[in-house]
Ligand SMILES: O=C(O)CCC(=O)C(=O)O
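Before any questions on how it binds or moves, here is one chain, the form predicted on its own, in structure tokens.
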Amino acid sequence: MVIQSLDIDATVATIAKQGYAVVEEFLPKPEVEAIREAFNTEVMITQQNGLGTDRSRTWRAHNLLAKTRAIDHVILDERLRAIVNGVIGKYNQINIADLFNTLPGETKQVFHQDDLLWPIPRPHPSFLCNALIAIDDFTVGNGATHLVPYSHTWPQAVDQHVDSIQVEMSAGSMVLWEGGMWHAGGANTTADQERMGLFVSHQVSYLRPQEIQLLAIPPEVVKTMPKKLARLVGYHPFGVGVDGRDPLDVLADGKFINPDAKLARDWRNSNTSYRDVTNPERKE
């Protein structure tokens, strides 16, 4: 289903029902071109085999948030955040931020589920939500992503010859899918067309991400990020944080032991009420 005028509730409902939704013209063309320029001039890439391919005709740049600030505003876009919250809940974080470019001659990936990496018995609640934004137009010829509608609800693995659709969309459009959706990158059969995309995978915060963001992004880079983005890469104050402090405060001052911490004997000596309770007859 293509969402022409972005209705958050309708988009979330569509993903829940059929496993995916396409949002046309999510980013305007000038923003797409600015991201393309950053990807071509700021981001170091590697050449890799696609999943199940053997031609090394795909360029990838993992760990994008350590390499460029050009996509911060995309990840923080209130529309994207609302959709992700609707699909997997508000306690979520970045799993992967990835640039890929499928080059002419690349073969089709095998069908796979991204949430298969976490061995959680099915059926299970949705815990992964992926967003793929087209930087180039996605066409059948240049390998537009294959999706198997409704397969996120299927208990069994799919046959590699299963019927699928290919998501053709213009640059700036976005397709989102639930982590259990069977999907595959298509074959680029063109002679001269690249297929560049921005892939951002989100997961519930209690799972370990595929890309260990707390190590992958240098602390000095995190300090330059908007606070909301730093939260999304794992610097959230859930539980006890870092010795009872907000991780972002620790990042700022480098104090990994709470400055208010004292030895037990010092607490006893400094705490009048404690002394009074433990030794009510003690005189100062």
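These numbers come from a predicted model, not from an experiment. From 1 onward, residues are counted along the sequence shown.
One more form of this protein should be noted, the form predicted together with this ligand, which is absent from this view; the next part is about it.
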| property | result |
| --- | --- |
| Sole residue of 67, 60, 236, 36 within 4.5 Å of this ligand in the predicted complex, by heavy atom | 60 |
| Heavy atom contact within 4.5 Å of this ligand in the predicted complex, the stretch among 149-157, 179-187, 85-93, 119-127 | 179-187 |
| Candidate site 205, 208 and 213: all three near this ligand in the predicted complex by heavy atom within 4.5 Å | no |
| Contact of residue 112 with this ligand in the predicted complex (heavy atom, 4.5 Å) | yes |
| Contact flag, residue 135 vs this ligand in the predicted complex, heavy atom cut 4.5 Å | no |
| Distance check, residue 173 to this ligand in the predicted complex, heavy atom within 4.5 Å | no |
| Touches this ligand in the predicted complex: residue 201 (any heavy atom, 4.5 Å) | no |
| Residues in 77-106 close to this ligand in the predicted complex, defined by a heavy atom within 4.5 Å, in order | 100, 102 |
